[in-house]
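Just one chain is shown here, as structure tokens, and it is the form predicted on its own.
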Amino acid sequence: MRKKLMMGNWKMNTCLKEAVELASGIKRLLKEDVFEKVSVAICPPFVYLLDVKDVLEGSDIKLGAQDAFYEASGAFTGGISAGMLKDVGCDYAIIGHSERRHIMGETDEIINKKLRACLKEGLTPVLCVGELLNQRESGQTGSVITSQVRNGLKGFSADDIRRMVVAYEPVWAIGTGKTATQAQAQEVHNMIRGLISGIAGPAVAGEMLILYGGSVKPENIKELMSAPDIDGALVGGASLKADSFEKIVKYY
């Protein structure tokens, strides 16, 4: 049985005071017994990672970053390396989020390099994949997801892939209030698991955590989590309120 993973992606939100208060509220609401059932991580903006890390001290809530650059150091103004993130206490890094792909123009090649950098520094990368609305409506979901998974994982060994997490985020459901139905999400998650099996073998595919992201909220989390291939959630807006995120974590 794969243990569920709930991740809060705060995106470009909160000021320092709000970040500390939000992390404090989440820590207060999530007691020790929760972590026997669910793993939890929160991903604040880069500039608040250390402050949030201090707040989380003594809890089982893990710290994650929203991105990582693929070079270790050098003349890359604005870049934050995987080593820097590990140095401030991060366990996870979100890689290839749809907003990075479609707003910042990241390619599968860039995402592949970022995954490699994360693994090198001991971070668990969360590879995000997902289709646009016009791609779903034109029946391209399968080809888009297949391309993103295969190109993202190109050149990695089965042992490398075992150290990753995948998140399916239909772009048409992010921040829109629309959520993929359980059946729609399960279909893609099952396909992703099949792709992983073909790339890294059935054992790795069976262990792989595949999260769902896209307008996840307390009202739909239980139904989503009842699907056999959905292993947790990458939560956006609903993770910006401690009580809302608590209800999602405690979906059971």
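One-based numbering along the sequence shown. Computed from a prediction, not measured in an experiment: that's the story for all the values here.
As for the form predicted in complex with a small molecule, it is not shown, yet the points below apply to it.
In the predicted complex, the small molecule sits beyond 4.5 Å of every heavy atom of Val52.
The small molecule in the predicted complex comes within 4.5 Å of no heavy atom belonging to Lys241. In the predicted complex, the small molecule lies within 4.5 Å of some heavy atom of Gly237.
In the predicted complex, Gly213 approaches the small molecule with a heavy atom inside 4.5 Å.
Just one listed stretch, out of 185-193, 214-222, 198-206, 57-65, contacts the small molecule in the predicted complex at the 4.5 Å heavy atom level, and that stretch is 214-222.
Only one of Leu127, Leu153, Ala173, Ile145 comes within 4.5 Å of the small molecule in the predicted complex through a heavy atom, and that residue is Ala173.
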